[in-house]
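In structure tokens, one chain follows: the form predicted on its own.
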Amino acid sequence: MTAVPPSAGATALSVATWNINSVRMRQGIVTRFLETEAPDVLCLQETKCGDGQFPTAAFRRIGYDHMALNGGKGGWHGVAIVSRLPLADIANRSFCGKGDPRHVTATVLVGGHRVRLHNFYVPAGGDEPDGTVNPKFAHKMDFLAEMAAWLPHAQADGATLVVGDLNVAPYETDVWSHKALIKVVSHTPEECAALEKARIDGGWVDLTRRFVPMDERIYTWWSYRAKDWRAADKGRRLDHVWATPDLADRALAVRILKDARDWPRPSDHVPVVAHFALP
């Protein structure tokens, strides 16, 4: 589908998602990203800090005054929404009855529009793709199943985005080697089918793949283990932006900021930014 061209009178909106792998440790590159790319909204995952430890003041100093935080008890997981635009109806949901901070939601108020935003950090799933011997993998599959059942109801709010580290690379060209990774957690057929069920059952549009042909390899994550990650380029697309069809029809572009993987003390993920022109 052809992207909607910007038009006179349209309201611009940009939303970024980034697994930051400790927002306090990487506050400097988050600030750099906000100052240089200036998205309207940034959704962070794996913040690894309680709400009281979140660097709120630092981001407010550069104009990001509105925040929705779910850091739980701190130390593990954690999600946050940092915004230049007002946020309303802030909430979060506990999946699988565990109470761990893996979801936060808010309504973004922009130019008379209301865009509902759901920010997720899906469990990684451990190393062994067998829920009978690996409780972490069982948790991941249960989480994805609950997402699939719950997300269709999330569209009751109208124009809606689902973003975050969904920890699954669903297509063959979302990984550096389908053959090498088909039995590796994040790209097993079981996980890929579960994530696709969540997307398709809810009628969500995978915005990145709307702009990038399916035969083109794209990644958002590169392991810390690679001595030269860029030369090896053994990546996976774990970070996603899904939209309701009405909002997808207003999308202009989706950008993956690969160069952020080279920034000082980087996350192993890079930001993904979606741009919209609202009528």
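Counting begins at 1, following the sequence as shown. Remember, predicted model here, so these are calculated numbers, not experimental data.
Keep in mind that the form predicted in complex with the DNA is not shown, yet the notes after this line are about it.
At a distance threshold of 4.5 angstroms between non-hydrogen atoms, P189 is out of contact with the DNA in the model of the complex.
The DNA in the model of the complex comes within 4.5 Å of no heavy atom belonging to E146. Contact annotation for A226: at least one heavy atom lies within 4.5 Å of the DNA in the model of the complex. Although the partner is absent here, L247 lies well away from the DNA in the model of the complex, with no heavy atom inside 4.5 Å. Note on the interface: of 212-220, 33-41, 57-65, 226-234, the segment with non-hydrogen atoms within 4.5 angstroms of the DNA in the model of the complex is 226-234.
Contact with the DNA in the model of the complex, judged by any heavy atom within 4.5 Å, is made by just one of M141, L109, A154, V185: V185. Out of the listed residues V254, L69, A243, L238, L238 is the one that sits within 4.5 Å of the DNA in the model of the complex by at least one heavy atom. For the partner-free chain shown, E46, K48 of 41-72 come within 4.5 angstroms of the DNA in the model of the complex, judged by any non-hydrogen atom.
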